[in-house]
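In structure tokens, one chain follows: the form predicted alone.
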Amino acid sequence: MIVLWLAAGALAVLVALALVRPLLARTAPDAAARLDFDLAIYRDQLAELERAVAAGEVGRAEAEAGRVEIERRILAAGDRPETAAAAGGGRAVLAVALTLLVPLGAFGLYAWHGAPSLPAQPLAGREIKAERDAGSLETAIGDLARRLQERPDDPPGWELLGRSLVQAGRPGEAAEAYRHLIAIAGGRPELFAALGEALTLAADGIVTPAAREAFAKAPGDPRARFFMAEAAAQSGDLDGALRGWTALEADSAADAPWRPLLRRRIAETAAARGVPVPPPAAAAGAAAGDPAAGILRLPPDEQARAIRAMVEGLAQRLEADPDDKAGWQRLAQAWRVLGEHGKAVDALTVAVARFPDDVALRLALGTAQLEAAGGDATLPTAFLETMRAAARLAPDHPQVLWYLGRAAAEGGKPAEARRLWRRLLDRLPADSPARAEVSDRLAALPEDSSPTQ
């Protein structure tokens, strides 16, 4: 927040200086007086920044960015040649008054008409935001992409890159980032929904077959449900689109940010169909006695207990209705969020047994098995069995080829590892950061004259 205020203050000062320059043009200069005046302002800004940090109003990254900018201005002021400076008499008084009144008036207007009490940006977006405030979003994306070239197996980094590329208006590149993320982290439903959204944005809002395929793997995700209804509308099935959107509206919380867009698309589509606009659906959790209705008003420890109770309730419901594939995916994701990786493995194991031909479920199970084992430094036997089962359904999936190649290399079968990793290289994009690591692993394999399997 402080960076925004500093930027606004700097802009206001520039405007004020433009106004007072004619008043100072014909007066005798005093470079020392002007330097003292500028330095006093910068010292006040530094003091205000330190106060905000101490009060917890500003994060470390934002504070550092603001401090660097103020210090740069101090250095620039010290290096300025001695030309002209403060005006004398009435002109100087008027100039100083304007310099102060313009920014103060701007801040006063903002306090009157603006919304300074709005909450801060969620934590998930702060890393890119801090870098953008210090420089530009494009610079931040470039820095992140370079870091990922050195660490191509960093799922959180790839997820951040995908979101940032969408924000920067580069959805085609975002889709490639999400594809790589899915290959190394498994097919979590929210990742497929993000991939489908990026593919749709890259096609100027057209829900392409590739986007529909991605959305189909995230049936419970709000984005997937919205765009699948949009796909129905684009194909001429207006009734199907209305059913999809009204169902999503009924399942959405009262403060869900997509509800206004849903209401608009429902109204537009109903008008195109020539039918009355369906009334707004009641928000999810609004019914009396719904345990989710007041959960956000509970103290943190009670919130945690209430959330766990809801997750356990979902598990009990799925025991009675085991054919709800989306429900199993939600349950597994909920256990992962709660840190219960063993329970996530159990949920996905049941889902895979129920839907044995679903590759995404098997890959999600593999990811959960690695998380339960504490990482992939050593590949667990159960995980390798999951990968081999996935290979029977999708033998050329990058995640399958990578891990089965690793298992072969670590099991003393370099020829098999070479065969699998060469197939993986053939399927990786030319600019994929993962190519370097696969190539290095291939080069490090010993020669083996035994026949490949």
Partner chain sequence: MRRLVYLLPALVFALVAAYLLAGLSLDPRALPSALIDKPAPSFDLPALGDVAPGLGTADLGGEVALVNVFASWCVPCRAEHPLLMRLAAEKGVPVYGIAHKDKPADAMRFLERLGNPYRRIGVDADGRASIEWGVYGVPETFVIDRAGRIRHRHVGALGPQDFAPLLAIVERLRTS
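Residue numbers count along the first chain shown, from 1. Remember, it's a predicted structure, so these values are computed and weren't measured experimentally.
Separately, the form predicted together with its partner chain exists; it is not shown, and the next lines address it.
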So its partner chain isn't shown here. In the predicted bound form, which residue out of Gln149, Thr139, Gln167, Ser235 has a non-hydrogen atom within 4.5 Å of it?
Ser235
Please tell me whether any heavy atom belonging to Asp321 falls inside 4.5 Å of a heavy atom of its partner chain, as the geometry stands in the predicted bound form.
no
Though only this chain appears here, would Asp204 touch its partner chain in the predicted bound form if you measure heavy atom gaps against 4.5 Å?
yes
May I ask you to state whether Gly339 is within 4.5 Å of its partner chain in the predicted bound form, using heavy atom distances?
no
Close approach of Ala326 to its partner chain in the predicted bound form, 4.5 Å, heavy atom:
no
One stretch from 185-193, 157-165, 205-213, 371-379 that, in the predicted bound form, holds residues within 4.5 Å of its partner chain by heavy atom:
205-213
Going through 145-176, which residues have a heavy atom within 4.5 Å of its partner chain in the predicted bound form? Please give them in sequence order.
none
